[in-house]
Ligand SMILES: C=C(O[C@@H]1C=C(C(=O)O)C=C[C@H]1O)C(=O)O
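As a starting point, one isolated chain is supplied in structure tokens, in the form predicted on its own.
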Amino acid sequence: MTDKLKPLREQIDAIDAQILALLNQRAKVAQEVGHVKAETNAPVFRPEREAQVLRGVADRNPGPMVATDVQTIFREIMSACRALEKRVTVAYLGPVGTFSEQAVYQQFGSAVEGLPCASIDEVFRATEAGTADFGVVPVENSSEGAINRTLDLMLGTTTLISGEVAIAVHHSLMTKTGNMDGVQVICAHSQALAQCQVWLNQNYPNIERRAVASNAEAARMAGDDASVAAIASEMAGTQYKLGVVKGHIQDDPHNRTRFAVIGHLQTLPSGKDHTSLVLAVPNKAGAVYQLLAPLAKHGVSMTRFESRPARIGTWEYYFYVDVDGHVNDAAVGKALAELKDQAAFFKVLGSYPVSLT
């Protein structure tokens, strides 16, 4: 066995040496790119460029490695090279261990400075003020729908959406001891409690449920108090040294959450983009139909439509709309120009590369 393994291991060692040399060669070129960017004050992070690279390596991947694994490796390579120019700071809903933090690393790689915030409002404030270069905020969940606080804050923010990332959300019930002995309350974010309510009703119908700021906060509380159980990610459980009572307790096995990356960056077309808008219409018959007619006229597909009360006491609404394409695309540009002329309120929240997952 050893005789057969030795030459194979020597091959791997030789290949690893080549990979290391190429990685550093790439890093040196990335540093040169950084110098050119510094001369022109260009941004360090270009979401459209990184999306193109990741799509490209997946398309060219001959196997046997899975395309998503190849993308993960290249995301980390780009993250490390980007950090040689500048290590960007990214705000997210904390504390450490939230799905928002997971979304940060899935979008930016691990060579970033995470800035955990106490609320979604704080993520917006940190990004708007420049304390963070970017923020990552939850937008919608496949089971529970829109994150209303994020939609409300999008309306007035000075930031733009420059990216999106969707992650699979798997909830685990965890405690300090790994069992439910002595547990008096189950804590989680309100969305997580809603996403697990059928399972909780079947298994622990008589234990109090308490909504807290985030699942990771629930995990922190459970780490401090054996009478508290938390619903959170296993990453949060590891962070706060919890034992898993039961994993994958979400009612929808395909549960996913979509996050938006916000910042002051206006992205260029990547070839596969979404554009997000906020609209309001005059209070007259057929107004919504007439408002959206330019999209059909110019062949622009609408991928999302949400309404939120305008909160001015007159039963009026803002509409949050996602469409395929970039504002710089000819068809999208023409459709939005006509749409803007008809809307009582019109705001482009941003154009950005479609999530890879």
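Just so it is clear, the structure is predicted and the values come from calculations on it, not from any experiment. One-based numbering along the sequence shown.
Here the subject shifts to the form predicted in complex with this ligand, a form of this protein not shown in this document.
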Here the chain is shown alone; which of L200, C81, L115, L153 has a heavy atom within 4.5 Å of this ligand in the predicted complex? C81
Note which of K297, K28, K37, R304 lies within 4.5 Å of this ligand in the predicted complex, where distance is taken over heavy atoms; exactly one does. K37
Against this ligand in the predicted complex, would D225 count as a contact residue? Criterion: heavy atoms within 4.5 Å. no
Just to confirm, E85 within 4.5 Å of this ligand in the predicted complex by heavy atoms? yes
Find out whether any non-hydrogen atom of A67 is located within 4.5 angstroms of this ligand in the predicted complex, and reply yes or no. no
Indicate whether this ligand has at least one heavy atom within 4.5 Å of a heavy atom of V44 in the predicted complex. yes
Which of 46-54, 287-295, 59-67, 322-330 has heavy atoms within 4.5 Å of this ligand in the predicted complex? 46-54
